[in-house]
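Next up: a single chain in structure tokens, the form predicted alone.
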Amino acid sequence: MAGRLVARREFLKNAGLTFAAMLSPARAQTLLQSDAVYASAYKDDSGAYGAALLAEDGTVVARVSLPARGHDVAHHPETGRAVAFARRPGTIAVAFDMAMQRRPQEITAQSGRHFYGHGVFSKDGRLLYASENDFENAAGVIGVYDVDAGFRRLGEFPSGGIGPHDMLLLNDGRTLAIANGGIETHPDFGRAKLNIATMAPCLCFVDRLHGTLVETQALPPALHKLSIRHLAGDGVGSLYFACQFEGAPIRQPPLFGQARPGETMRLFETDNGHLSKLKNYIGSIAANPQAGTLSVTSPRGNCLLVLDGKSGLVLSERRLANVCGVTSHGDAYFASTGNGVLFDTRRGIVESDKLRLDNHLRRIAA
């Protein structure tokens, strides 16, 4: 117990507990007593947007304001840097430093580009990679930003497809796995999907150092309307992917599976009873290497599933209104909803400060 308290105090000292203002003693004590810390974008009762740091009991211990609706938060555990990305087709991201050695900083997308809501840091924390849209050319790109130079944009390289969304850095520290959803959009048309009939989603592996495409993996042509959206690493070199289906609602294709560089993508077969509850839409995915499981959520289906990481067999199901964010928590999962509810798959509903949390929940410290 003493070791855990020392570790928490060290986190408190080094990572800081404020985004925009000092924590109250009560909230600082809450964080010291918490086993984990989470970050999520949110909307509050006044209609304002932001990113929040939450303790595992649901207490919001710190916030940073966002100029528009956020989507996901990228975080580097060693430097304490974080970036909250705007929801597509937003052009603003906000970088903040949990040690509060720097003021929160807005990052503006280059002209002709917008963010897709996700990003990832290099292993050393010196570079930030963001999924972006070259909307005039209907091409996905990955923007590269120099963190120490105030997030100055260094350039970009192709994502390997249209509509890059989530991405993650593989264990080699060099290869980016990029989920190209295949959906063409343009800010002049808001969030309208412009190419459903000709969609071509793919999962691409790209060498981040040279910006070169290493490998492209795609689903069978009959599933070309199955948009690959979100990714989660399994901790041993493979990754899980989650999709949303843009075809006829009467069809119910598998929505998630497993991939590995050099191998054929594999969709997990799910019984129709569980599959129908997902409403052809997965909002978020998380892996738990400790437990050998993964979890997927569907805010449209108000459903959270926990599955075996090897077979995809459904181990448990929870009906939860507007659930979307999910992340690992010990040998279980912690989930969030757009209705302000937090849920622990071991303990059940967790009381919270009732922020309407957005699509993703990220564990940033333990």
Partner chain sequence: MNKLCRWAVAAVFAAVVFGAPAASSEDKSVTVINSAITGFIIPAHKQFSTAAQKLASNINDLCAAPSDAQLQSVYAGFDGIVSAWASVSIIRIGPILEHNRLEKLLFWPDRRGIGLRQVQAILAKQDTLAISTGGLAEKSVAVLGLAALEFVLYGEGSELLSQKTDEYRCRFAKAISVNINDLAYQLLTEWQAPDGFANTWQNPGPDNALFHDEKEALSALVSVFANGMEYYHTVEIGGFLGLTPEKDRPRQALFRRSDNTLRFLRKTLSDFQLLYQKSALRTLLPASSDWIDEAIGFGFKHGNASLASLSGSAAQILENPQKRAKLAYVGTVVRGLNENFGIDLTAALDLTANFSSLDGD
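Numbering follows the first chain given and starts at 1. Quantities reported herein were computed from a predicted structural model and do not represent experimental measurements.
Heads up, the form predicted together with the partner chain isn't pictured, but that's what we're talking about next.
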Exercise. May I ask you to choose, among 338, 67, 312, 330, the residue with a heavy atom within 4.5 Å of the partner chain in the model of the complex?
Key: 338
Quiz item: Given that the partner chain is left out here, which of 208, 260, 279, 75 has a heavy atom within 4.5 Å of it in the model of the complex?
Solution: 279
Quiz item: Counting only non-hydrogen atoms and a 4.5 angstroms cut-off, does residue 154 reach the partner chain in the model of the complex?
Solution: no
Practice problem: Would you please decide whether residue 50 lies within 4.5 angstroms of the partner chain in the model of the complex, comparing each non-hydrogen atom pair? | Solution: no
Practice problem: Verify the contact flag for residue 184: yes if a non-hydrogen atom of it lies within 4.5 Å of a non-hydrogen atom of the partner chain in the model of the complex, no if not. | Solution: yes
Quiz item: Is there a non-hydrogen atom of residue 113 within 4.5 angstroms of a non-hydrogen atom of the partner chain in the model of the complex?
Solution: no
Quiz item: Thinking of the partner chain in the model of the complex, which stretch from 124-132, 185-193, 215-223, 145-153 has heavy atoms inside 4.5 Å of it?
Solution: 185-193
Practice problem: Residue by residue through 125-152, tell me which have a non-hydrogen atom within 4.5 angstroms of the partner chain in the model of the complex. | Solution: 135, 136, 138
